[in-house]
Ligand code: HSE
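Given next, in structure tokens, is a single chain: the form predicted on its own.
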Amino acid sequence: MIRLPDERHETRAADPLRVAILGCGNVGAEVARRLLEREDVRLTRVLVRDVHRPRPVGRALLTRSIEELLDSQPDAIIELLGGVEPARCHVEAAVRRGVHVVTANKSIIARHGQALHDLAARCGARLLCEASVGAGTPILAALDQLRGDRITAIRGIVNGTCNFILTRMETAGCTLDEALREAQRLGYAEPDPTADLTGRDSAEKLCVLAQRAGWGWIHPDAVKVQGITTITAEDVRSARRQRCVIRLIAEAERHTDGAVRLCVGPCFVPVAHGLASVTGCGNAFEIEAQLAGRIHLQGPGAGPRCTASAVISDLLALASPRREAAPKAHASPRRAATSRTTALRRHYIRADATTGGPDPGALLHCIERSGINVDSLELRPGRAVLHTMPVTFDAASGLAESLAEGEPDRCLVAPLVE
């Protein structure tokens, strides 16, 4: 009979993992509380801006100095500052000393991940980032598991703030501004929600997903992004009449010629589709792989507890002698991306006139000139609403901007997800 080692005995016998935390906001505080309960982890320092604010750790552990934190000789740091700077500099300083890093920061991974992974490999450190996309939903782990397959597409709802706002607009019939204020009151939206509402947050997460799928490093600036800022209550009602809901969808696809196409934007999702059932701050992902077929993952996409789950799992993976913490960083060339898919889809277009109501003759002439076949057209005071037959997103966008007299903020283009 083969006896497996007693994991609990090994954990007690081993020296505790020395860990420092960068940031002690909502997520950092939750992580700190959970780590203080563990016998196999010892907190060495916690980096904060204000050492006088109440924290879940003792005052002696708090510091404002990254040098003092690193001098406490942690085996690993957990970066929960968010944003690009000073987070990137602090992570770089840590890996240069051979200190492992666990981060929930999608911005530094999307924008500087290649350089940081390469530096970590040279310095004998590891950089783990499961919590950077999907919070507690293990989407990056799923992509790692499929690295023996050929992943052809990834699609999903990756921003919990926008999903909460769109859900509230559906269920409560409120405006976007009203739903945003509620999200901020409940702590689901930042005081400055620009990155979420414009789709920039989703674009960064999409680039992390594309990289983990093995498609190379793609900068977020290469992603064509349309946020939810122009969505109105009338758009939500129009979707309902089509038996659809509106969701902010991030899509990445890799074609047989190697071309990678990335986009983020609001879509009409039929109520029978799996993504339509994702409400509140939920995240959901669809992965298409050549051998495994279509895989669905769904779970909470925001919040301290679920993010802490992913962070601590990465941390313990570093400490486990029987388990590789994450796939080793491999040479991934920086790749150019085509920003929008060339797929033909039906589109919802809502265009507001800049002055007065739309002129029917001019509007029909504009549609005829575009060469786009329209399934339905409705003129309302100050705006035109139409549904196209299958067409590319770029063609639909061009028509919408023409109808809105060249002002993209006055129109909405939403593909129909099939």
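In case it trips you up, residue 1 is the first one in the sequence shown, and so on. Worth saying up front: this structure is predicted, and the values here are computed from it rather than measured.
A second form of this protein, the form predicted together with this ligand, is not displayed here; the remarks below concern that form.
Within 4.5 Å of this ligand in the predicted bound form, a heavy atom is found for all three of V158, D201 and A302. Shown alone here, Y188 lies within 4.5 Å of this ligand in the predicted bound form, counting heavy atoms only.
Using a 4.5 angstroms threshold between heavy atoms, D314 stays clear of this ligand in the predicted bound form. Using a 4.5 angstroms threshold between heavy atoms, K106 counts as touching this ligand in the predicted bound form.
For K205, a non-hydrogen atom is located within 4.5 Å of this ligand in the predicted bound form, even though that partner is not displayed. Across the options 118 to 126, 189 to 197, 144 to 152, 166 to 174, residues that bring heavy atoms within 4.5 Å of this ligand in the predicted bound form belong to 189 to 197.
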